[in-house]
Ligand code: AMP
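Consider the single chain below, provided in C-alpha cells and representing the form predicted alone.
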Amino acid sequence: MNTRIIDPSAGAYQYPLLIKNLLLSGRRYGTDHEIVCGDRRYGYQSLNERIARLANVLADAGIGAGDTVAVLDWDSHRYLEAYFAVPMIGAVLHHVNIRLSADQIGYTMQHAEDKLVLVHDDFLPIVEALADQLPSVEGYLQLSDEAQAAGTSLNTFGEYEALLDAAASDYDFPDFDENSVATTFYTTGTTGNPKGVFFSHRQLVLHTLNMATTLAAYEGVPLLRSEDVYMPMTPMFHVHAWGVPYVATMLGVKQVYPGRYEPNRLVRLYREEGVTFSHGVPTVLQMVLNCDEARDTDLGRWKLLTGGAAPTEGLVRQMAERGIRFYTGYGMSETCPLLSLTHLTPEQAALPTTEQIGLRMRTGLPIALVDLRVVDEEGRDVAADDVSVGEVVVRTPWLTQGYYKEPEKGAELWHGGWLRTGDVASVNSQGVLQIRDRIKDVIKTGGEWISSLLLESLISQHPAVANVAVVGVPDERWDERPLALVVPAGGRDVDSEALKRHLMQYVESGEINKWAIPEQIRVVESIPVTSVGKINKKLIREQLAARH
C-alpha cells in the first residue's frame, strides 16, 4: 500500500507522548484543588515542585535512565509523586506488591533488578531480611508517617521528607523515546513465580487519555469529572491503581490518599473530604459497605467502579439500596488495565434502580481503541446471542508486549497477534460483554459447563449470605462437581438445605440446571483472597485437596 508519510518541516518539534505532559496539564487546570494524605495537604503547584525535588533526590542517589526504582508503600502522596518523578527522569518504576509473601517479594525485586528502594517503615522488617538477597540494590530511601523515622539496619540515603526539603524545587525533565519503559509490576498466576509486565510512556499516556474520555465525556458514565473528588480503594501497586491517579492528576481534581486501607477510615474520608468517586474489587467494597461507619453514613454521593472480579448480585443490590451509583469495568494486569465498562443509555439510566442492576453488573462495552473479540477454540467469533461463550482476545495500544525476561510465556500470552485473556465470556447483539468465568475456574460436570460466577451471584442473594465462593472439586462419576463456601451475614445461621431450596427457584426459571446446584455447601468464617483482594480459588482448591 502506497500511503503518504508526513515529511516534517525543518525545525518541527516531534512531540513525544511522555508522562511528564500529563503532570503539566494538572498544574494548569487544578490550581484550586488539593492532594490530601493524612495531615498533609497541598495544591498542584506544590505537587509539581515536590516531584521535581524527588527527581533531584533520585539523581543524587545515582538513578538515571533505564534504572529500576522499587516502591513499598501504602497509598500515599509519596506514591503519587513516584508515579511521575521516577519515569519522568527515564527510570522504571517497580510497583512492589506488598501483599505477596516475603519470598515472592524478594523474587520480584531480584528479577526486576531494582537499584534503589523506597520503603515505608512498616515494610522495613521484610526488606531488612531480604537485603542480602538483593545484589542489584545500591541504597534505600525511608518513608515514614511519624515525626521520627523508625530505626533500620539498611543503608539509607535518608528519610523521604527530609531529603525533599533539602533538594532543589526545579528539574529540567528531558524528552526521550516515548516507547521507553516507564513502569513494571508482577502478576501472580496459577503456577510458578510471579510474571513481570511492563508498560511504556506511550502506552500509559494513551491509556490515560482514553480513560479520561471514558470516565468523563459520556453522560452514561459520569464517573470522574473536573469537580469530582477522587479516592482510590485499589492499591497503588495494582496496575497503577487501574490508571486512575494519572487521569486525576491530568484533570487536576482533588485527590485523597487513604494510606493503609481500613474500612471505617475509608468511609470517614469519604464523608469528611467530600469524596465522590472511588474504585475497588468487590471484596473491598463489601467490607466498606458492612463496616460500622457505613451504617449511619449517607453514601448517595458515591460513584463506585468495581472490577478485578465479578460482583455478585447480592453486593450490587446492597450498593443500589444505599444509593451508590455503581459501574462494572473489565481488564487485567496485562491490559493496563481498562478494556470495557458499563455504559447506560439515557433510557436505561431512567429505569427504576432495580431494573438497572443487571445492566450495571455486565462488563459493558469495549472502550475506544479496544478491538475485542470472543472466540471459540478454532479462533472463530462466537454468535452475538448472549448465550454462546468463548475466550476474550484483545488488541489495543496499551497492552503489555510480553513478560519481562520470559519470552516463551509472552508468546503464550500473544497468540496469532491477539492477547489471550483466559476469560470466558458472551456478547449480545449490542456488543455488550458479559464475563462468564475464568477458563481455569469453569466447572466441567458430566460434559456440561457450569459458571462458578453465576452460582456465586445466585447464592449471594440469599439474605443469610455475606460472601460466597464456588469451585469445582473432583468427582469420580461426573469429573467435577461444584462446592460452595459460604460466610454467614451478621451472625445468622446458614442452612445448606435452605440454600439449595433457594437455588431451586433459578432452576424453575430456567436460569440454571438442577445438576448445577452444589451438593456440598460449607459454612466458613472467611474466604481466602489474593494479594489484590480477589477470591483465591487456586488456594481454596489446594486446601480442599489437602483435606482429602
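Each residue number is its position in the shown sequence, starting from 1. As the structure is a computational prediction, the values presented were derived from the model and not from experiment.
One more form of this protein, predicted in complex with ligand AMP, exists but is not displayed; see below.
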Quick one: from 423, 73, 81, 114, grab the residue that has a heavy atom within 4.5 Å of ligand AMP in the predicted complex. 423
The unique member of 438, 301, 317, 202 whose heavy atoms fall within 4.5 Å of ligand AMP in the predicted complex: 438
Joint contact, 238, 332 and 453 to ligand AMP in the predicted complex, by non-hydrogen atom at 4.5 Å: yes
Among 381-389, 251-259, 204-212, 304-312, the stretch whose residues bring a heavy atom within 4.5 Å of ligand AMP in the predicted complex is 304-312
Please determine whether residue 363 contacts ligand AMP in the predicted complex, using a 4.5 Å cut-off between heavy atoms. yes
Is there a heavy atom of residue 537 lying 4.5 Å or less from a heavy atom of ligand AMP in the predicted complex? no
Could you tell me if residue 328 has a non-hydrogen atom within 4.5 Å of ligand AMP in the predicted complex? yes
